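So this first bit is one chain, no partners, the form predicted on its own, shown in structure tokens.
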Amino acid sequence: MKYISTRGSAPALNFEEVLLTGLASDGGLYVPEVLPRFTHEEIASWAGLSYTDLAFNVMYPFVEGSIPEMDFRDMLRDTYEESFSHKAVAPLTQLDRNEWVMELFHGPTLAFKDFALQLLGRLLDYVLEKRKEHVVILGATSGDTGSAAIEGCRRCKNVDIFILHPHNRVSDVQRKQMTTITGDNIHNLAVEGNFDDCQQMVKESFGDQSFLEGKSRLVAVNSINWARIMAQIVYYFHASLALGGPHRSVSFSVPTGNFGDIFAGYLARNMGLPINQLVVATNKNDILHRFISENKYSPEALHHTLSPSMDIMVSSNFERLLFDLYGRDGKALAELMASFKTDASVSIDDYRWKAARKLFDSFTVDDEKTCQTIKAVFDESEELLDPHTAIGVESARQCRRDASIPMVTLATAHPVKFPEAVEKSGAGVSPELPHHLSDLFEREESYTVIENSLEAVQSYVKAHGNHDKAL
């Protein structure tokens, strides 16, 4: 399979190359040149498969030609059968008639990002060992990506990891999950800014890697990396098959800030999975909701909320959807993306926006309503939600088009990661850390507070990388 840039002028790459590239040389994001499509009969035949076997069927077309079948099966088995604490991997819990949550927090760092990043670490190890290369992982996190990336990649012999997080803007559990994992190749940087600042510095560093002086290359672990999106497609098929798909449609509500997780659902639908509706669930940082509901893309001041993983105003993966809405015209999309940088508010052609609205709905939920939803759901079902998942459930209930179609909210994190929201909800319970993290608050932390400056970050990376192992 070949991958092309959303902005049209970068060279096409194979999977191995796109895994190591991150942003395309023209500033775009890589997407498959042709998306694999499965028939109704093929999808139906997967009912009853283990998560590992289902993951192979969904993902192998994306890596075929770069990774042999048996090697890929071994990676998937090691990822989903050894690293996840629940045998179902992504179990479904029923809240009400035709209303479900899919628990995506049974990985080692208690967040949905484990599904992709535990696999990404194994993919990188495999490819870098084969190529005898050393790379620098540079990533930004609003809370969960960092710990999942470090956990997934810390054993990689050919990787240095630098993770930027906004100083004092992630939860204590999220921070400690990153900063208590130590190693010569692990570097946590607490940036005196917000997540968008961190993400922008990562993007600029990928756009110009000259600060590394040719001694290494950067690899992305944020959701701009295609492998992240690829792995997230699987659990949409998993949920659908568990609820009677593909013989019936299923709808999904997705708490999202960077648009990667919900874009995976959009791809699952385009690959043949019957999906009736995708709900974009946002907090007060509602730029995606304003686009979906009003066709207005207008960044505003970033708000600090009880759902910090969605405290994002620049949604990187949104470009991948826009690429399709613009008929995969890279030149036209490049012009649109340039206008985002200069115009206070951007709208797209009405017919393109209406095409997106056929599938997507959206809703925004403030902190007060988030807490009310946590309490209400706990009172109704004794299911304790984290604040992001609560936003997903409330958005699903507000936007649901057809009550006869199962609605699945993606439960993106364990509630123990966000005790402040649970306490403020008045649910009257305190979530506990699972056994493998029970001593988390006793572990020693290691991180560096750094100024909100591209030069400072790049200088740190240059000074602390093991470049003697590099290219």
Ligand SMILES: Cc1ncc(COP(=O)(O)O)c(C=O)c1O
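The structure presented is a predicted model; accordingly, all values stated were derived computationally and were not measured. All residue numbers refer to positions in the sequence shown, first residue = 1.
From this point on, the text means the form predicted in complex with this ligand, which you will not see here.
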- Note on the structure: in the predicted bound form, the residue from 378, 326, 259, 126 with a non-hydrogen atom within 4.5 Å of this ligand is 259
- Interface segment, criterion being heavy atoms within 4.5 Å of this ligand in the predicted bound form, picked from 64-72, 33-41, 412-420, 427-435: 412-420
- Task: Report whether the minimum heavy atom distance between residue 202 and this ligand in the predicted bound form is within 4.5 Å.
- Result: no
- Message: Please tell me whether any heavy atom belonging to residue 253 falls inside 4.5 Å of a heavy atom of this ligand, as the geometry stands in the predicted bound form.
- Response: no
- 4.5 Å heavy atom contact, residue 310 to this ligand in the predicted bound form: yes
- Query: Within a 4.5 Å heavy atom cut-off, is residue 115 in contact with this ligand in the predicted bound form?
  - Reply: no
- Item | Heavy atom within 4.5 Å of this ligand in the predicted bound form - qualifying residues of 129-145 | 144
